[in-house]
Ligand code: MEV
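Before any questions on binding or motion, here is one chain by itself as structure tokens, the form predicted alone.
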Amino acid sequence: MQPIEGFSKLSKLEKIDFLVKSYLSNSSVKKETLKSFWIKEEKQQQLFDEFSENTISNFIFPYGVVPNVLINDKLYCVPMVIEESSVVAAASKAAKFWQSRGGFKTAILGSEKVGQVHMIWKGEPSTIENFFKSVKPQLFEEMSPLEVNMKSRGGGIKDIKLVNRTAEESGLFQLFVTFETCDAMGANFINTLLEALGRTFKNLMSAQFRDEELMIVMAILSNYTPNCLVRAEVSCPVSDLDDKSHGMTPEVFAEKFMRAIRIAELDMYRATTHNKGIMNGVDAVVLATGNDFRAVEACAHTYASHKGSYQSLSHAEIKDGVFRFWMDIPLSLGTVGGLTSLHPMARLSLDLLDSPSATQLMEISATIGLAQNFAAVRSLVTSGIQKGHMKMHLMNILKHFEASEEEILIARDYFENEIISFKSVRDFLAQRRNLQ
């Protein structure tokens, strides 16, 4: 296989022709498959093409909704973009369960974003530290013209600190900057300011300390935003947890549930899967609203380690006869700018959520994460996770074996109380087909 020069300059069809010729078997079928996922409206497809680079088609994920999500006494219908079976169903079941028990309560604990300018200074630490103190007001003044629009919305730089990291790396200092970005996620705003701040600080130092050079290594936001934090929780008397599907008393259910959460707080192997379930819910809302789920994931998992070991993001307690289940999670989200404004489905999602602010979207996303976690843990401590999951997965297996409508109906009835696996479904279909 020979490398290709100028691939990015080819038209979309030329890119596809190259791929089917060089990499894909049954090329005519694969070419038509790629083209079949184009949006018929040309301007709409062009918009999607421009979201990324070297685009040749679209990759479609299911767009579902969770109705009856009661948050702070307001009902929402929450959009979720996810391909994993049972996630939307589980969140819906948890939302219905808690709707009649007071719903979800949320609170914003902070909305602070973070950025850093990383620098090397080999001179005396006291020199740069004293200099920073003297020019800090000037740094704010120099950055002010870049903040005009954000300040008009109530945002901007909150503080600038000089951090000495020389004990860990020779000469390493950082300008640690905190921001308020209102309803924007704020990545471009933050990075623009950080780069300007780095240049300004270097120029000011160079004018006074000509013989000792300050080297700016890089200026970049951090996706770890521990003070951009939201809490979501549910609570009710233990007796209100009574549910026939649990197969146990509410007291036993509450105790088992609390123990399951405690295990996730103690054991990182369990915590990883536990938190993945939370992010099933959070990421699905983040994707549906055009936000950056990779940044959200990175931040959440870092926060899960902020006490020194990787732990559960959610917690539970039973106190004075009341069951309480809650989660604090950092979520840096936006409802203006970027894909939230450009992607037609992201705009629709925000409209469906009654045009939330960034903090309200934080509350909604955290709620779905907690709902998903409640549903998963409830299954684990009662019927087991596979019963519900595999029922949802049954359709995927049946489709794999190209089951007819009649076979699907019969299989659903048959597997109502049978163990579902790839082999059991295959054997069931083979037996039926051999009898016919």
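Model, not experiment: these values are computed from the prediction. Numbering starts at 1 and runs along the sequence shown.
Separately, the form predicted in complex with the named molecule exists; it is not shown, and the next lines address it.
Stretch 376 to 384 is the answer when you ask which of 62 to 70, 376 to 384, 41 to 49, 404 to 412 has residues with heavy atoms within 4.5 Å of the named molecule in the predicted complex. Taken together, the three residues R101, D320 and R324 all stay farther than 4.5 Å from the named molecule in the predicted complex, as judged by their closest heavy atom. Just one of K276, K96, R347, K151 comes within 4.5 Å of the named molecule in the predicted complex, counting any heavy atom, and that one is K276.
When you look in the predicted complex, the only residue of R270, K136, H306, K256 with a non-hydrogen atom within 4.5 Å of the named molecule is R270. Contact check for E251: every heavy atom lies farther than 4.5 Å from the named molecule in the predicted complex. Contact check for E84: a non-hydrogen atom falls within 4.5 Å of the named molecule in the predicted complex. Of the heavy atoms in N280, some are within 4.5 Å of the named molecule in the predicted complex. Along 397 to 414, a non-hydrogen atom within 4.5 Å of the named molecule in the predicted complex is carried by no residue at all.
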